[in-house]
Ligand SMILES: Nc1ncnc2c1ncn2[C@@H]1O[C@H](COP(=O)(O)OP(=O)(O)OP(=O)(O)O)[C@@H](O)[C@H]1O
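Encoded as structure tokens, the following chain is the form predicted alone, with no partner shown.
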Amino acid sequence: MNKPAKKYDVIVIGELNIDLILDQIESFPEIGKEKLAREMTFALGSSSAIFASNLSSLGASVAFIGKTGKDLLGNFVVQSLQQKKVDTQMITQNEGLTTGATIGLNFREDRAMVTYPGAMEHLTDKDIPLDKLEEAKHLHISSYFFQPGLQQYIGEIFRIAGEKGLTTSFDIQSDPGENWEINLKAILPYVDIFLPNEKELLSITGSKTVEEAIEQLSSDVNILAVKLGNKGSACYHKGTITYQPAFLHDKFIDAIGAGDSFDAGFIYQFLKGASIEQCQIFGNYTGSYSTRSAGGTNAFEDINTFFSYANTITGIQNGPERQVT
């Protein structure tokens, strides 16, 4: 008997907020002084939402589980996801909460951010409709440290997803408290693809090099894809580390969402059954492409142009499609 088709390629569980991005700043702010920014962008924020939005733009069918306030910013978040064809039926908008926001200050290729977490801190296991997971092929969770109400349940959620036949991915993201306390032993055995960046990987392992960190996690991870910024990425799988260079260009605007875009490219190819090498190369390209526009999602407005460049530069032939399969 054939298995029934899945409703979604991917379900994303994560935080939701908006980004207010200031560009063309003479220098970072100083106490007691005022600086001018010459460009401002108001956009969908949060690692999870940027990942979901860009993965949907690539052609995957995506649904989101999260929480916002029932306010103007929350409406903007939900509408932005809907415009990218992300299913938002499982997002809760709570009148007693305020939607979070991140103020981002971009200076050349560096940035500083201040985040008001708001509703994202109030997402708990009770907000996760576990019975809905079986409607998807893959589960992605992001931003561990921004969701204290969910932290102790993430390993269990991944375990349940695996039992329901889903593949899984996890992007830990930054820790604003710089404590980096996480029980990886309770999470990584249930994760198919772990997607930290270099700083995050070194911080959670206490290692000095990527190779040392990979060695430390090698018994617990299946696929470990490490984002290395303008150095590209490193990928560990079945005892082998593979490095792929970045796709550098001269149209850089900002790096907001570049890591989430890498995740989207990697998972898009993974769902298509591509090799790990192809997933890594395409993730590098997608992350690089996102830096051509301000904010994490604006570069993917013209998806036909994205794929045209991708086919030429990566040698991996793709095209926009509504479903991955």
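Start at 1 with the first residue shown and count on from there. These figures come from a predicted structure and were not determined experimentally.
One more form of this protein, predicted in complex with this ligand, exists but is not displayed; see below.
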Discussion item. Using a 4.5 Å heavy atom cut-off, which residue among Tyr153, Phe252, Phe107, Phe145 comes into contact with this ligand in the model of the complex?
Written reply: Phe252
Worksheet entry | Single option in Ser61, Ser57, Gln269, Asn284 placed near this ligand in the model of the complex, where near means a heavy atom within 4.5 Å | Asn284
Practice prompt. Report whether all of Gly14, Thr88 and Lys132 sit within 4.5 Å of this ligand in the model of the complex, measuring from non-hydrogen atoms.
Written response: no
Worksheet item: Heavy atoms within 4.5 Å of this ligand in the model of the complex: does Lys137 have any?
Response: no
Discussion item. So, Gly66 and this ligand: in the model of the complex, are they within 4.5 Å at any heavy atom pair?
Written reply: no
Item to complete: Verify the contact flag for Phe51: yes if a non-hydrogen atom of it lies within 4.5 Å of a non-hydrogen atom of this ligand in the model of the complex, no if not.
Response: no
Fill in: Contact flag, Gly265 vs this ligand in the model of the complex, heavy atom cut 4.5 Å
no
Worksheet, complete the sentence: In contact with this ligand in the model of the complex (heavy atoms, 4.5 Å), from 90 to 98, 242 to 250, 204 to 212, 70 to 78, is stretch 242 to 250
Worksheet item: Using a 4.5 Å cut-off on heavy atoms, what residues in 205 to 227 are near this ligand in the model of the complex?
Response: Lys227
